[in-house]
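Taking the form predicted alone, here's one chain by itself in C-alpha cells.
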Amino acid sequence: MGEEQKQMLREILLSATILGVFGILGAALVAITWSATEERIAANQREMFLRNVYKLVPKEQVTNELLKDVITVNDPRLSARPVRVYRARHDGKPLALIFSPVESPGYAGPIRLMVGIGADGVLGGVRVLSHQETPGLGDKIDEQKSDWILSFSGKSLGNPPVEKWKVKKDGGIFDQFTGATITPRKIVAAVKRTLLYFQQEKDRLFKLPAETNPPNAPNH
C-alpha cells in the first residue's frame, strides 16, 4: 500500500471516528433532554392533580402523602376501567377518599371525573378531568364554562334523599342543560354510584395497604 493510500485511509478512519463521537454525543443529548422533559411533564401532572384534589379536600387538613397513600380498585359500580383511590388522612385518621378517574359514558364520549368524599360521606366536590361533549351544550360541565359542577359540593346520600339524585326532568333536584340533558344525567348518576360505593366500602378502602410502587404521575 502506497503512502498516499495510507494517508487516505487515515483520513477516512479519522472522519469515521469523529462522526461516531458526534453520533454518541447526539444520542446522549437526546436522552438527557427526553429524561428532563419527561420529568417536567410528570411534575406538571402531579401539580395539576394536587391542585384539583385540594379543591375537594382542605389542604391544611391533609397530613399524609396523598400520592403515596393510594390503591387501585376494579369495580363496575365506579367504572369499566380501574379507578385509583387516594386516601387523605389527618394525623392518621381517615379524612377523605378521592376517586380518580370515575368514568361515565357521555353524549359524545367518555366523561372522566374526580370525586372527593369526606369520611362523613359528604361530597367535597366533583371535577371533570376530560370530556368530549358538544361545545356550547354539554361542555357546561366544565368549571371554566359554568358553575354547574360545583353544585355537588356539600351533597350526600341524605342531602338530597337517594331518590332525588336525578336531574329535574327526571324528578330530581339537579339542573339539566337546555338541549343537553344526557350529559348532566350521566354525571349525576356516576356521582350517586360513587357515593353508594363509598358508603358500602369506605372502611375496607381506608384499611387496605397502599400500593408499594404508585406511579410518579397520577393517571388523569
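Please read all numbers here as calculations on a predicted model, not as lab measurements. In this text, residue numbers run from 1 along the sequence as written.
In what follows, reference is made to the form predicted together with a small molecule, a form of this protein that is not presented.
Peer 1: Ok, 165, 177, 152, 49: which has a heavy atom sitting within 4.5 Å of the small molecule in the predicted complex?
Peer 2: Going through each option in turn, the one that passes is 177.
Peer 1: In the predicted complex, which of the listed residues (64, 61, 181, 156) lies with a heavy atom within 4.5 Å of the small molecule?
Peer 2: Contact check passes for 181.
Peer 1: Where, among 169 to 177, 191 to 199, 52 to 60, 66 to 74, do residues come within 4.5 Å of the small molecule in the predicted complex by heavy atom distance?
Peer 2: In short, 169 to 177.
Peer 1: Check residue 119 for me: does it contact the small molecule in the predicted complex (non-hydrogen atoms, 4.5 angstroms)?
Peer 2: No, residue 119 stays farther than 4.5 Å from the small molecule in the predicted complex.
Peer 1: Heavy atom to heavy atom, is residue 137 within 4.5 Å of the small molecule in the predicted complex?
Peer 2: Yes - in the predicted complex, heavy atoms of residue 137 and the small molecule come within 4.5 Å of each other.
Peer 1: Taking the small molecule as it sits in the predicted complex, is residue 133 near enough to touch it, meaning that at least one heavy atom pair lies within 4.5 angstroms?
Peer 2: So residue 133 counts as contacting the small molecule.
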